[in-house]
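Take a look at this one chain, the form predicted on its own, written out in structure tokens.
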Amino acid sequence: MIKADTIVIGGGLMGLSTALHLALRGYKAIVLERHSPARHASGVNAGGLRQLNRHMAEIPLTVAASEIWKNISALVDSDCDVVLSGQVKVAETEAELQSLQARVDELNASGFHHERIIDQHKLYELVPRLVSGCVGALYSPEDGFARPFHAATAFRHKAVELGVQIITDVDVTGVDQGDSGWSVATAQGVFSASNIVNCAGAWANQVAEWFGEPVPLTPGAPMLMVTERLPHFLDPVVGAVGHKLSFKQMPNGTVIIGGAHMARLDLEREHADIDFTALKTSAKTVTQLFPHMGSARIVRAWAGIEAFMPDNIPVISASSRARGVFHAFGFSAHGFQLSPVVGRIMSELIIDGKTAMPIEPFDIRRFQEQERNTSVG
């Protein structure tokens, strides 16, 4: 039996960040990963470092995470290819711009000022190849992007350097609680620890069920595509109020295009088939907003398996029913930027029993309360 202070189930960025932060405070962590670290969502997402247009509950976390990403080398000894060139959300009509202004007003009333409205002139100064006629945008100048697999690799290397043991190709089959803590059963043997952290991504509901607290998690496979290298024309990441779009030009000239369109997912086989009809919709959106992209060639498309929650915010909390068990999953395709601060929060919950970050909206109990309310109704 291999022992540790904490066993982290899942070797994506959330699991790696949690183990790294535990190690920084002298706690021994073992990460159990069923395949290879960052194989699914963590290694193949769009890499957005986005405070822009986050759910209000996530704002304190995303602002704290933004500060970490600005000097990510201090945490993982790598810049993770971070580019902080800003993000904009384009308004094509005055009504859309008014909705963005309402967003800014709500943020400012809560004491946050990282997003602001920019007028038409400033928008075209930032995004000169945008189709004419757009009226303004929501702008977060300190946002940007990084390279997900490079970031996951840096987190993994730093965690290992600090003493974290990462065991790959190990399938967790069950857990059991004894007098001395938790035992985690796998085909490769039994691991034991005082604490377990569920960072199992699209499979996290299966783990949560072991502790008697299932959640309505839905797996999905968001698609991305990348173009050939093009001459430089864009610095900020671009989204739009009226379209599903994430659009960025990388330093090498390629353009990465996302839009929350889903591949056809077979979760049992861990396989996703690209839906080219949906990609066509995404490509049409791009050419509507950037007409010069009509002649650009798509060279590759892919999808990563994500965990989506019905309210589109994650579970970040201690278990409601099992002592020494913690959850960090369900980031609904926008967890990449949050990963360093989530790892820190999880280490604080485990070691200190509390965190100063306002994580109440992410408590797993919210789904149990919904279930009780539904039953009563």
Partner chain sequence: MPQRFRRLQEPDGRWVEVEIEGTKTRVLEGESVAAAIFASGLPWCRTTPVSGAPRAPYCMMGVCFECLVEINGVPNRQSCQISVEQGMQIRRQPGASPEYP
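What you are looking at is a predicted structure, and each value in this text was computed from that prediction instead of being measured. Residue numbers count along the first chain shown, from 1.
Keep in mind that the form predicted in complex with the partner chain is not shown, yet the notes after this line are about it.
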| query | finding |
| --- | --- |
| Candidate from V160, A296, A260, A185 lying within 4.5 Å of the partner chain in the model of the complex - any heavy atom | A296 |
| L126, L230, I117, V131 - the one with a heavy atom within 4.5 Å of the partner chain in the model of the complex | L230 |
| Candidate stretches 222-230, 86-94, 235-243, 192-200, one within 4.5 Å of the partner chain in the model of the complex by heavy atom | 222-230 |
| Exercise: H292 in contact with the partner chain in the model of the complex, heavy atom 4.5 Å | yes |
